[in-house]
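One chain follows as structure tokens, the form predicted on its own.
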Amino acid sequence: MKYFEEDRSKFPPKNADGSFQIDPESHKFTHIWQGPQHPGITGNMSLELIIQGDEVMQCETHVGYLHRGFEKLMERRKYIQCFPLVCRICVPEPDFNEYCFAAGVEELAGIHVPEKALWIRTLVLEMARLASYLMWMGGAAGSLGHGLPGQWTNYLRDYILDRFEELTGGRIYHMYILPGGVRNDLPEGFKQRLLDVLDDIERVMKDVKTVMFNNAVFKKRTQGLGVIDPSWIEPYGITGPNARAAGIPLDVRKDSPYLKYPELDFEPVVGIESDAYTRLDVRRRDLLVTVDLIRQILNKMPENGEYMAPLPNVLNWEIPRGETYVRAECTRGEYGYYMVSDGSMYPRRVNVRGPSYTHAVALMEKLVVGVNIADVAALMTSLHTYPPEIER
């Protein structure tokens, strides 16, 4: 444990792979389940835990409480009919799914997206990043019994959702980014209303830093918890803030630039300690970078221009044969779509690469061993996972 020095001899011997040898007949172990529970950052998944005293000896993750077969359903629908499906693969950040699917179709079909649409797409993805971070931060605080920051960040998220509703007609699912561009231009006065929200977010985030990140109890609970060795990054497929907190500056916006990110001035936020506190703080600082990026986008976006390319009849649209992989940087890391077309009106194969799969399953099962049962929820939220993108 990180709180005090203890005698590790009370724990059972280890196997060759580092796992503990569990003898259920010894009556020294307790078998419990944590989750599924919803709402929450960890959502509809469950951890099957073996504990000794209050220490986790073994963990097995369980999904299947939410499965809706998105990828298979897309093979039975025309391309344009897939958009109500893809946005539900990650509820807090539906726009990354919309972008990846649309960009994949555009690459296969050879569609050129207008300049104005590229700027609007970049804006929408950063707005989605902001909303997701604000929701996650409240969940991270709540996992440690800290309620006040969650109230602050969730009301700020509501302001972002107001802007989404104004722009797209929907607060959660938007279906706004389509092949060829976006559904409509920015409403009159939208830029200033969004800038006002950004001012509120910056002001309140100063209080969040004081009350949450400078809190002595919060630090003691999270510093040293769930340290990710930098050597695990590649073998475990760790991306995004979880990798950047270990000092590895992985960011698709920089590593494989897309949309209008090459024209924006920013650097990936990195940390050193690679523990739960560092992962939380990297995301807090990345949230502020997002605020700055949105300001840059609004300042550089052209006032006029087309926002949708001409398309054929989308209900009888045959996409040329081919395959592609499109990726983007969401709040949890690399989000990718592998798409295959056989030349028909239906996708032959769509496979979604969500970062939650690697972070919440293999990595979580490794990190949680030896952790106090009271810290399991905090460890899981520090990895920032959304189960729907696991159950695709």
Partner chain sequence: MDYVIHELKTHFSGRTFEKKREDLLFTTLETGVLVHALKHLRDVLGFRHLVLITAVDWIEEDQFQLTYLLRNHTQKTDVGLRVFIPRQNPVMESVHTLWETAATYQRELHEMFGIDFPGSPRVNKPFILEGWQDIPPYRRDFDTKKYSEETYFPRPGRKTHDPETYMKQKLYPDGTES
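These numbers come from a predicted model, not from an experiment. Numbering follows the first chain given and starts at 1.
One more form of this protein, predicted together with its partner chain, exists but is not displayed; see below.
The chain is drawn here without its partner chain; in the predicted complex, the stretch among 232-240, 302-310, 83-91, 167-175 whose residues come within 4.5 Å of it by any heavy atom is 232-240. In the predicted complex, no residue of the candidate spot (Q192, E263 and I294) has a heavy atom lying within 4.5 Å of its partner chain. Among the residues S256, T210, N154, Q223, the one placing a heavy atom within 4.5 Å of its partner chain in the predicted complex is S256. Not displayed here, its partner chain is kept clear of T331 by more than 4.5 Å at the level of heavy atoms in the predicted complex.
Taking non-hydrogen atoms only, L144 never approaches its partner chain to within 4.5 angstroms in the predicted complex.
Taking non-hydrogen atoms only, F70 approaches its partner chain to within 4.5 angstroms in the predicted complex.
Among heavy atoms of D54, none comes within 4.5 Å of its partner chain in the predicted complex. For the stretch 373-392, the set of residues having any non-hydrogen atom within 4.5 angstroms of its partner chain in the predicted complex comprises I390, E391, R392, in sequence order.
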